[in-house]
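Below you'll find only one chain, the form predicted on its own, shown as structure tokens.
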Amino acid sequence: MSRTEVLIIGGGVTGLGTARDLAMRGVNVILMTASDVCSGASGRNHGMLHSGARYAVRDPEAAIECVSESKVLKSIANFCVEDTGGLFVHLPQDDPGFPGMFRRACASCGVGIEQLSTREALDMESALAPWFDEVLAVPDAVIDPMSLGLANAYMADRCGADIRTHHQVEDIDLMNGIVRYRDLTNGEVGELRPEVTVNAAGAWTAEVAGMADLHLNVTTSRGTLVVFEGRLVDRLVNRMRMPGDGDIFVPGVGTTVLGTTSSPASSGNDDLPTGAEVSALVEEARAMMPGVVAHRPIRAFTGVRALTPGGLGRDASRNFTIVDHGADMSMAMLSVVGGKLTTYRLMAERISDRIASILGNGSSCRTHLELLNDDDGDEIPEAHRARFCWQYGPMASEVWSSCQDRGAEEICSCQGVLRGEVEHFVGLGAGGMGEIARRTRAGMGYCQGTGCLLRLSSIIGPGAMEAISRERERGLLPVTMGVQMRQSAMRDCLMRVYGVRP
């Protein structure tokens, strides 16, 4: 039976960040996730690096954490951060007292704000509804969640952490200090005897705690977002009111994300977006940006968030809690609940500090000081360098080397993904369209895999074509409306030609 110091359950960015932090302190750590890294809420969000402004009025503690952590991430993860800035727009039909509250709350939390004139705001974002009555600029930014997560996984591995995807924990015996798991790739079972187990399973945190016969109160909330073709805004644009549905636009690489709904989730797997959610988001967003209805939605997706108890939906805090289940057993166990992508590093630091104390490890956290990317991409041709560095960070040169060895034929024309990129991750054990898409963005462009289906399936292997089609259609069906219906009709015809559909 294997012996290790720390087992982390959960492959989201918090678990990966904790693995990196602990490994940098010299701790022997294994991370297990039942699926792929960042396949839950960490890979299903709008990619907003919060300045703290969005939570300043309702959740000042979370806002203050965002203020400091957004500055840290702009420093250590600048390869996947676009420092766009953000706007908060107040409309005549919204609470007239909210702008005053908002300004005072931002000042109290340390969020920098700047008053803009109507002309200044429209010069920045011409698609805004011209009838707004106030606009404030804030230091929001865009961050690529998958690039951030993969960089943490890569750097944790390089520091000695053992990252195991498709490993499902099935039983936690605190009394005897045994964790039993199954390798889902081959069905083999195994046991570990960690000194400390960390439950960082996100929306499945309560279920993992239940394996140890522990009760953990967790609120789960599903949030659906819509991806539009093209960059409709250059900055993050928020509606200046209490956070609600359809009140934030986040610019991406050739896309714009509109979000987000908030409703109770039945489980961590309650992540299928609906047409009703998409329609409601678009209708609400028209008040701030009337022209949004003329743009083509190319996909919808849903993430399930684990929130600290004490409120439902948007009333729940976006702060985080670390629950110590006691160290009087043969194995200590900690659970982390809540938090945000922006504060993942702080969460990992707090967890790691607690574990270091349990283990008697005197090392201090260095994740706020050391860059997540030490690869400047000098070997990569200029035509590809910016994209490779943005997507792959510390892996950029390694992935480019695979393209030289395995071929630079373009596989996905929407995203410019090359054969060597796909084959690189297939060679590392990434299996299935979801994992390839998360790493390379193949199939995630305007046509949602329609054009690259055959080429991708020839690399991924038997059965891939149907799997790719099924995976993409999860997010396509809810946005089959307006101009997108033509794309869906063409896709349907191609699927019949390919034999994927009868």
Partner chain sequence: MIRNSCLKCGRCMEVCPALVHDPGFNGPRALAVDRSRRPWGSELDTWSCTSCGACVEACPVCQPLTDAMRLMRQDLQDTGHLRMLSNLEAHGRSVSRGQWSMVNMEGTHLYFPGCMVAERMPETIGGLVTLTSGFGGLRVPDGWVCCGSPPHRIGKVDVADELAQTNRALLQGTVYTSCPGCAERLGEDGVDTRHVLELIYDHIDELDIQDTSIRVALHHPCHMMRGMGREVLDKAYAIINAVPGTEVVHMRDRDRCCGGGGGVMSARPEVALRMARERVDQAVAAGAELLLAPCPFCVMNLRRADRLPTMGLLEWLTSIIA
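Positions refer to the first chain, counted from 1. Quick caveat, the model's predicted, so the values are computed rather than measured.
Quick note: we don't show the form predicted together with its partner chain, though the next part is all about it.
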| message | Going by heavy atom distances of 4.5 angstroms or less, which of 183, 120, 353, 410 would be at the interface with its partner chain in the predicted bound form? | response | 410
| message | If the cut-off is 4.5 angstroms on heavy atoms, which of these, 264, 416, 190, 160, is the one near its partner chain in the predicted bound form? | response | 416
| said: Can you tell me if residue 39 lies within 4.5 angstroms of its partner chain in the predicted bound form, counting non-hydrogen atoms only? | reply: no
| message | Against its partner chain in the predicted bound form, would residue 92 count as a contact residue? Criterion: heavy atoms within 4.5 Å. | response | no
| query | So, in the predicted bound form, is residue 254 in contact with its partner chain at a 4.5 angstroms heavy atom limit? | reply | yes
| said: Test of understanding: in the predicted bound form, would residue 132 fall inside 4.5 Å of its partner chain by heavy atoms? | reply: no
| message | For the interface check, one of 330-338, 382-390, 112-120, 358-366 should have non-hydrogen atoms within 4.5 Å of its partner chain in the predicted bound form; which one? | response | 382-390
